[in-house]
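Just the one chain here, laid out as C-alpha cells, in the form predicted on its own.
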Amino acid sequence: MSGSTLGTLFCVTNFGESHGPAIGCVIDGCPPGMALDAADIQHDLDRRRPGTSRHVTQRNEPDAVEILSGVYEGRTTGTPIALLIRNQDQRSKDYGDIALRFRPGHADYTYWHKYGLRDPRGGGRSSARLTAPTVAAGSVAKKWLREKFGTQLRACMTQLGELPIPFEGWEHVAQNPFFAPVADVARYEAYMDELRKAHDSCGARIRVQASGVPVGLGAPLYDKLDADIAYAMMGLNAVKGVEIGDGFASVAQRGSVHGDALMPQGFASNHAGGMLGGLSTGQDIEVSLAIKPTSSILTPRPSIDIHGEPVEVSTRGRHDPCVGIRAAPIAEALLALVLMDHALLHRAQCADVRQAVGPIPGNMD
C-alpha cells in the first residue's frame, strides 16, 4: 500500500507532486447516471485554491479541473473518473537551499529516511498542494450525497492561532478569507499581518459538519464511521488532532449530561457528534480538527543536513502562514468521501433492512 488511496467502494487514488506537471485523482466506484461536469467540481476548487487573499500563499494557480474519463454525455458511466489539475505557477528555484537539509517540523527528514530520496520542490508529495485533487473528488461525493439524501456539508474556522473565533452564523463563512463564522474579521486580518511581518506561522481549529446524514452508516468494530472519519482527517496535511462531537470536553462531563436523550421529536442534544457505537444517528455529524503551524517559514532555525551536520534553515518560497485558512473546503471534501463510501457499503449490505423506529431522528434544536 502506498498510502495514496482512500475508500473501499468509493475509492479515490491521489497522484502528483507540488511542482510536477500536474496533480489529480482517479475515482473508482462512483454510481452511474449522475449528471456531472467540470462546473460541479470547480466551485470547491476555487474556494481552496491559492492566491485568493493576502493571508495565504501567493502561488497563482487557476486549479482548472479536467474530466478525462468516466463521464459520457454529461453523466457518470460507473467506470473510473480521472480528474486532472495542471500546475502552472511553480517556482522550483526557491527550494534549492533545502534540497540537502531538513526543515524543522516538515516531512523532509522522514521522507528522506523512508525512501532514500525526496522531491524538495514545494514539498513534492508531502505538499498541501495535493489537497486539490481531494477537494475535486469530494465535490463528486458531495453532489451524490446531496441528490440521494439531501446531505449538506459545511465547515468553518473556530480558532486562528491564539484567537478563538465565536460562532455567529454560517452565512458569514463565504464572506471572508478565513472561512470564519463572524461578520467582522478585522482582528484576524491584523493578526495575520503581524504574523507575516514576524516571518512566523500559526495553527488553526476547523469545524466541519454534515447534516441530512441517514441513520446506520458505519460498522463495528474497526470500521466505525467516526474511526474512518478520524483516519481520513488525519490524512490531511498538518492535522494533529481530531475531535468527534464534544471530543476531549467529554472528559469533564457527567453521563447524565453527555448521553444524548431520545425524545419522540428527536435527540435532545448532540454531544456524541452524530454517531453512536460507530454508526450514524441521523443527527448532524460534528468534527473538529487541530492544525499545526506551517513548518516552512523565513525565521532561521537550527537543523541538520543529509550528512548529519548542523545547519541553519530559513525557507524561502510562497507558503501559507496558516494552512488552516484554506482547510475548510478540504475538511468538507474528506468528510464527504467517507460518508459516500459508507453510504455505498451500507446499501450493499443493508438495503433490505426495514427501518425499525419511526422517522430518522434529528436534532431537536
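The first residue of the sequence shown is number 1, and the count goes up from there. Keep in mind that what you see is a predicted model, and the values were worked out from it rather than measured.
Below: the form predicted together with another copy of the chain, not depicted.
- Although the partner is absent here, T315 lies well away from another copy of the chain in the predicted complex, with no heavy atom inside 4.5 Å.
- Of the heavy atoms in R187, none are within 4.5 Å of another copy of the chain in the predicted complex.
- Contact check for I297: a heavy atom falls within 4.5 Å of another copy of the chain in the predicted complex.
- The closest heavy atom approach of Q88 to another copy of the chain in the predicted complex falls outside 4.5 Å.
- The single contact residue among C156, L84, I98, I165, judged by any heavy atom lying within 4.5 Å of another copy of the chain in the predicted complex, is L84.
- This chain is drawn without another copy of the chain; in the predicted complex, the residue among N176, Q209, S280, T151 with a heavy atom within 4.5 Å of it is S280.
- Counting a residue when any of its non-hydrogen atoms is within 4.5 Å of another copy of the chain in the predicted complex, the hits in 276-293 run L276, G277, L279, S280, T281, S288, L289, A290, I291, K292, P293.
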